[in-house]
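A lone chain, given as structure tokens: the form predicted on its own.
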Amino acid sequence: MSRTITIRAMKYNPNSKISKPHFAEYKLEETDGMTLFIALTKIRETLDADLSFDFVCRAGICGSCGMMVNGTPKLACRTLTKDFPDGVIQLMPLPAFKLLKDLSVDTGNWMNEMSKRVESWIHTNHQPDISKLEAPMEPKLADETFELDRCIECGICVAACGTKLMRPNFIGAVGLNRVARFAMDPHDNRTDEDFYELVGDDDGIFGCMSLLACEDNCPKHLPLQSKIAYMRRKLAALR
């Protein structure tokens, strides 16, 4: 049997002088397999065309639809409404990012600045020859590197991080994961000393309090705990 669910979504436009933060309440009939993305789309199409939230892929790949769901950061497209027994779901924008409007935040510029901060590209003096095969990599190491490349930059690990909320310049698990990815890659010629210059401070690897909310909430189940520990061991030896 279907049931009526209640969505309480925060609404606020920081660019409007008359807008004030408040919750708007919407009631709608739950359907089989309904996700929060489906519910929000239905609300915007039938109840409130002004409601703002982000989405692209609808399949947990783009990372656009991150939001706080009853106080926990989640992807709207991967969250089923049936998982909330009382049928009341409160939605808020992800903290730690610039609010654009309602449930929409600017993760893109934050991720871009993070990428620049950790110099997220291969550093090498090798001049590639496109007429030849790329330098091979051991399969096990290639798999480990690919695993870290599965990050979709949704911002959920950042929003879940207690350190980030207390220390605004903290690079977050997504940044430390990126550093670990290049530290493991044999194509990158940077040394531990080079990575220490990037993240060897309290806004980087030594600021993490190991609360592990990043790994607990990561929708792609990345091994953030082990990779942060990996980088901390490598860089602690240089202090």
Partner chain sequence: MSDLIEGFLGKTVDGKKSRLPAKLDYYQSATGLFLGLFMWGHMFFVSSILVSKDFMHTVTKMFEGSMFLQTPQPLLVSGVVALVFAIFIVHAMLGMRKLPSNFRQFQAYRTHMQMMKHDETTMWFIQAVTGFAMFFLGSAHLFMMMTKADEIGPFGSSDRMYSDFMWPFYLVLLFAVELHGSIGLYRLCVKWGWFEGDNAKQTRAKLKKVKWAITVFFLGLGLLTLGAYVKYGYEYSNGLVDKYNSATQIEKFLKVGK
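Numbering follows the first chain given and starts at 1. Being a predicted model, the structure only gives us computed values, none of them experimental.
Keep in mind the form predicted together with the partner chain is missing from the figure; the text below concerns it.
Participant: Is L235 one of the residues lying within 4.5 Å of the partner chain in the predicted complex, judged by heavy atom distances?
Facilitator: Although the partner chain is absent here, L235 would touch it in the predicted complex, with heavy atoms inside 4.5 Å.
Participant: At the 4.5 Å heavy atom threshold, is S115 in contact with the partner chain in the predicted complex?
Facilitator: Contact with the partner chain, no.
Participant: Could you tell me if G71 has a non-hydrogen atom within 4.5 Å of the partner chain in the predicted complex?
Facilitator: Contact check for G71: yes, within 4.5 Å of the partner chain in the predicted complex.
Participant: Given that the partner is absent here, does A24 sit within 4.5 Å of the partner chain in the predicted complex, heavy atoms only?
Facilitator: Taking the distances in the predicted complex, the answer for A24 is no, it never comes within 4.5 Å of the partner chain.
Participant: Tell me whether K20, G108 and V179, taken together, all sit within 4.5 Å of the partner chain in the predicted complex, counting heavy atoms only.
Facilitator: No, none of the three is in contact.
Participant: Based on heavy atom distances of 4.5 Å or less, which listed stretch (207-215, 171-179, 36-44, 52-60) is in contact with the partner chain in the predicted complex?
Facilitator: One stretch meets the cut-off, namely 207-215.
Participant: Heavy atom within 4.5 Å of the partner chain in the predicted complex: which of E30, D48, D201, D188?
Facilitator: Looking at the other structure, the residue within range turns out to be D201.
Participant: Is any part of 219-234 within 4.5 angstroms of the partner chain in the predicted complex by a non-hydrogen atom, and which residues would that be?
Facilitator: Read in sequence order, the residues that approach the partner chain (within 4.5 Å, in the predicted complex) are Q225, S226, A229, R232, R233.
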